[in-house]
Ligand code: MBD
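Before any questions on how it binds or moves, here is one chain, the form predicted on its own, in structure tokens.
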């Protein structure tokens, strides 16, 4: 998950462990699971379709016993490292998000990913995210307003924001950045407006030391994610928006290993005239809900 060659071998395990705990808590995009009784017919339909897809791949590609045994070893490695949530986030969550978006209104969203952390600094707008005194990277301002679908400004809205540093490291998942670096929950003003001062993030690879990264490389697929900012935009009485924001000119746009980038989520930061600082404005619209 970094652009450098000194990636810690614990990255995949750390990410997998955290995502596993979130999954065990029954959270998907930070919303509680539906729970309740299991619909047997629904299980049979969905699981049956998934299994038949795998069987069809075996038949059509004439999978050998050697390849089948390699697949079983890979499954064991995924389990041993706790990478199931990471694998599912990278290769399947974007399809679930597409299905969910069909019935949702308001601003467009995308996947959560495995690197969110609870309990981060609570900040009032205008806010500067926690960072090192000599934090590298281009200074950046992200500003905007949170409204409801009828245009009403949402007092009490918050923007939970996290992203990598200039070297592609997430705090909490690598030893380089200090805890809480470039993370925070920003409280908007009475008109739902926010202004966040941070640093422009860098592209990074998914962890390459674990089975998900190894499978990706074995298939010859790009392991890169374009530079992006994660956001959870929330307000009382409204559905929380899970989204990411990307940047024009990024070499990995359109080839995101997680298939999470969308043209509608791409920013084009402009110089502010204050040194090399840039700024992007992005408003968010939330639909009423629980």
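Note that the structure is a prediction, hence the values are computed from the model and not measured. Positions refer to the first chain, counted from 1.
Keep in mind the form predicted together with 3-methylcatechol (MBD) is missing from the figure; the text below concerns it.
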Practice prompt. Decide whether residue 173 counts as a contact residue for 3-methylcatechol (MBD) in the model of the complex under a heavy atom distance cut-off of 4.5 Å.
Written response: no
Discussion item. Check residue 244 for me: does it contact 3-methylcatechol (MBD) in the model of the complex (non-hydrogen atoms, 4.5 angstroms)?
Written reply: yes
Discussion item. How about residue 196 - does it come within 4.5 Å of 3-methylcatechol (MBD) in the model of the complex, if we only consider non-hydrogen atoms?
Written reply: no
Worksheet item: For residue 215, is any heavy atom within 4.5 Å of 3-methylcatechol (MBD) in the model of the complex, or not?
Response: no
Worksheet item: Which of 42-50, 225-233, 247-255, 59-67 has heavy atoms within 4.5 Å of 3-methylcatechol (MBD) in the model of the complex?
Response: 225-233
Fill in: Single option in 111, 141, 129, 78 placed near 3-methylcatechol (MBD) in the model of the complex, where near means a heavy atom within 4.5 Å
111
Worksheet item: Heavy atom within 4.5 Å of 3-methylcatechol (MBD) in the model of the complex: which residues of 203-226 qualify?
Response: 204, 206, 225
